[in-house]
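In structure tokens, one chain follows: the form predicted alone.
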């Protein structure tokens, strides 16, 4: 038996990962798995550089995730000649500066949501990328769900008729404990809004994908836990608190609920909460139209519930669709229906869209323009909360 070397004609794409936390892991898994899952890829990612502000985190992140080099200065990562793509998984307030520097260097930019702390910053990022001609993508990974792909297909074919209402929820109890420590997510200057931007941004992206542009909103926000103790060590989810330290005032929302009107005339409601006691994780969408309706719960990721009004009387009612190879990109993972796929797999689908868009020289689904328009909705909600009235979303969205 003779052992043969493997030679690949697939071109390499150099990746600089800016950040070393959970999302750095998820994005790297997406890059690493895309060719194996899909059988081919327009590019083979080369894990060139990982950057983090702390040397120990940069070093350990590069070692564990398989990057060739590390640095404590993200500018060095962007400047590295082997880097083609800059992937930003930092806290929100850093997105703009890093993205604009990467765009100016002619690098494609993949950034986690929300795109920026303000809608004006998000628009600046989008316009800068447009002017240079680089590709961009925002991490709205729930758009990649095979159930959402099928929902978008059903809406697009008119199977549900005119869309009348949309209800969306993204709630979790990660911050329900009053002793969860103060971190950047609770600081308005660093994070912008709280649950609204962190969780609500995902639902707004889904709402826009399924029902179109949102024209006006009316919101209500609450901060239920007004102060939190200082963190020790890292400052992400799961940080330890110094219970003896002075408590800091929380500066953004624990929960936001808002009504919305779509440009089509449809109406809707979105709820986002980081203090939903007893809900470790819950994301759901219900869409009601003139001819049918659908329901989706992320934790039941292998199913989509569908009602069609023209079913025979003896068969009327919601049916459960077991998602399978016929739905979205499910078939890249399993050849038979009904198997749940996880959030990291959704990132793999997202990376596949990202690499394909770069290769095809097209705008990815969910680019910086979409990130900006989602930010416009979030900002309108905040204005509505402050003014206690209905507020129009910027006409551009």
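None of the values given here were measured: they were computed from a predicted structure. Residue numbers count along the first chain shown, from 1.
In what follows, reference is made to the form predicted in complex with another copy of the chain, a form of this protein that is not presented.
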item: Residue stretch of 319 to 327, 85 to 93, 126 to 134, 113 to 121 approaching another copy of the chain in the predicted complex, non-hydrogen atom distance within 4.5 Å; value: 319 to 327
item: Partner contact for residue 35 in the predicted complex: another copy of the chain, 4.5 angstroms, heavy atom; value: yes
item: Partner proximity in the predicted complex: residue 275 to another copy of the chain, non-hydrogen atom cutoff 4.5 Å; value: yes
item: 4.5 angstroms heavy atom contact with another copy of the chain in the predicted complex for residue 52; value: no
item: Partner contact for residue 42 in the predicted complex: another copy of the chain, 4.5 angstroms, heavy atom; value: no
item: Residues in 327 to 354 with any heavy atom within 4.5 Å of another copy of the chain in the predicted complex; value: 327, 332, 333, 334, 335, 336, 337, 338, 339, 340, 341, 342, 343, 344, 345
